[in-house]
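The chain below stands alone and is given in structure tokens; this is the form predicted alone.
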């Protein structure tokens, strides 16, 4: 069975989880992107419209993450027709929330739904990675949780190398995104090309301890080990406005820890209750309000569902 139109949603993601650079990530309940795919007679994918992006995203198919992912999905499916895409952005670009990954994942899932979902979810991973590569290279730390949901560990680029990790029952999140773009390329450029052996040993130990905390459902330990990043955050901290002040405000409001989300500037605080996450979100936004910097704040949770089909017709 195939359809005329299909819409899919893919959530924002928090990559790295502090110590897990390029290998760990989680999907959040909100916000996210929606992509609508409609059949067209010509082959390939083309953009009908992009909404809520302020005119910043490219309309050219080869430069747009959603379009590239859709083209790749069409090839994987062996689709008999092409697609028009309408991209409804719920995520700002260069925000550290996996904006490019969300668009790519939503596009691939929508295209698959349009043609009756011939491919299982895992088979869409290459298409999603193709789309993500346009913006930031072949990195599954955002794509994997957006596509599969939950908390993921990526040990490679194929679906059998994406591992679902336990989501602690009491885990809640507070996110704040200041109006200050940090392009992924810029955030990667400041990273050290080499790190000392001692730093590598410590970092890998902290990743192992974080994964152990997840398996034990220990949110406090999870937060503690997430914050033990001695390599990436120190190199990127100067790119994050008011990082220290927001971290202190979050702690005073009840957060157990705070890390940079992906390349930033979004900051992610770890909490144990929904009420705590709400209070922390307000406190973090107040720091930016105090210096006249616009910011969006959310109290949210881990989305174990990930991307989903919204409708077909």
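Residue numbers count along the first chain shown, from 1. Model, not experiment: these values are computed from the prediction.
The same protein also exists as the form predicted together with a small molecule; that form is not shown, yet it is the one meant from here on.
Heavy atoms within 4.5 Å of the small molecule in the predicted bound form belong, among the stretches 34-42, 258-266, 276-284, 64-72, to residues of 258-266.
Residue contact with the small molecule in the predicted bound form: residue 304 places no heavy atom within 4.5 Å of it. Among residues of the shown chain, residue 103 is not one whose heavy atoms approach the small molecule to within 4.5 Å in the predicted bound form.
Contact annotation for residue 203: none of its heavy atoms lies within 4.5 Å of the small molecule in the predicted bound form. Of the heavy atoms in residue 132, some are within 4.5 Å of the small molecule in the predicted bound form. Listed residues 136, 177, 152, 112 were compared with the small molecule in the predicted bound form; 136 is the one with a heavy atom within 4.5 Å. Only one of 224, 236, 242, 121 lies close to the small molecule in the predicted bound form, with a heavy atom inside 4.5 Å, and it is 236.
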